[in-house]
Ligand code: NA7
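Shown next as structure tokens: one chain only, the form predicted on its own.
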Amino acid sequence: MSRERVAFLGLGTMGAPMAAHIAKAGYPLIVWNRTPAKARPLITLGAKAAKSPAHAAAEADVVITMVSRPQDVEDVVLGPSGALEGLQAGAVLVDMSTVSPVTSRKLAGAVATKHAEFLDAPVVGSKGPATDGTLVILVGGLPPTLKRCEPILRTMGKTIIHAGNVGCGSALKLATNLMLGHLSAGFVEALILVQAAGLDPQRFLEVVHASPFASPWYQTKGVGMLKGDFTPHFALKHMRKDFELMCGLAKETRAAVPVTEAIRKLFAEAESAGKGELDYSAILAHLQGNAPAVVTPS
């Protein structure tokens, strides 16, 4: 039995290593990116480069999109020379971008007009898990469609969770990133409080590691923050975008998220202050820039 032909659209920080796992697994792969040069490493792995999303989709049984914003995925799928133009009847479009459930349902409706299928399958994890192939993949869509695409998804992720119907994967991803944003904001404020009180931040990390709420996140992100290392694994501008989507979903569903609104404002301020291209942990650098002088306990 021949393997599904896969098109991968979007070769950024996350998309490039994800597509590489598909190529290494032996799937026939065609790739496209707005900046063509980013396709070169995939071509060395045996992938073909497409002239447009439509061209890529026309040669694929499964089309995967992985871009930054809802407008980006709409442009790639629904715009001129978009994937929808080339999508074949019976094919599957899998959007792995972090978007709103509204966007996922819009894409699914457009795909249905081509007699094709749709999954929203955003991922939990940043550059490291994408490179290691250990992402957690949250899927919205019909179980038979997921079953068909599962072997491809498993080349990129260690865990696949079926969230429900179309849009449920996107909603679950936003809730997950909400928790991540709260975790980072809480850690940053606690760290700033410790520093302002004249304490050694390393002592704070020791307490965290020994506590019931210890997490691998503190081992990596927390240590990086103390070193002032804000190398982007998940850019602050993308986290800010996700908070806009979270708050939009909360408004749509009438969910009360007052703390999330406050954190949304924090990330927006940090981006406006020029931290958008850094890692989302750079909210520490933003708040430290506004911090008062350190207090030495008497």
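Each residue number is its position in the shown sequence, starting from 1. All of these numbers come straight from a predicted model, not from anything done at the bench.
The following text describes the form predicted together with the ligand, which does not appear among the structures shown.
- Remark: residue 38 counts among the residues lining the ligand in the model of the complex, judged by a heavy atom distance of 4.5 Å or less.
- For residue 52, no non-hydrogen atom is located within 4.5 Å of the ligand in the model of the complex, even though that partner is not displayed.
- Although the partner is absent here, residue 236 is not a contact residue: none of its heavy atoms lies within 4.5 angstroms of the ligand in the model of the complex.
- In the model of the complex, the ligand stays beyond 4.5 Å of every heavy atom belonging to residue 170.
- Although the ligand is omitted here, in the model of the complex none of 101, 121 and 162 has a heavy atom within 4.5 Å of it.
- With the partner omitted here, the stretch from 44-52, 240-248, 266-274, 22-30 that lies within 4.5 Å of the ligand by heavy atoms in the model of the complex is 240-248.
- The partner is not shown here, but in the model of the complex the stretch 64-81 reaches within 4.5 angstroms of the ligand through a heavy atom at 66, 67, 68, 72, 75, 76.
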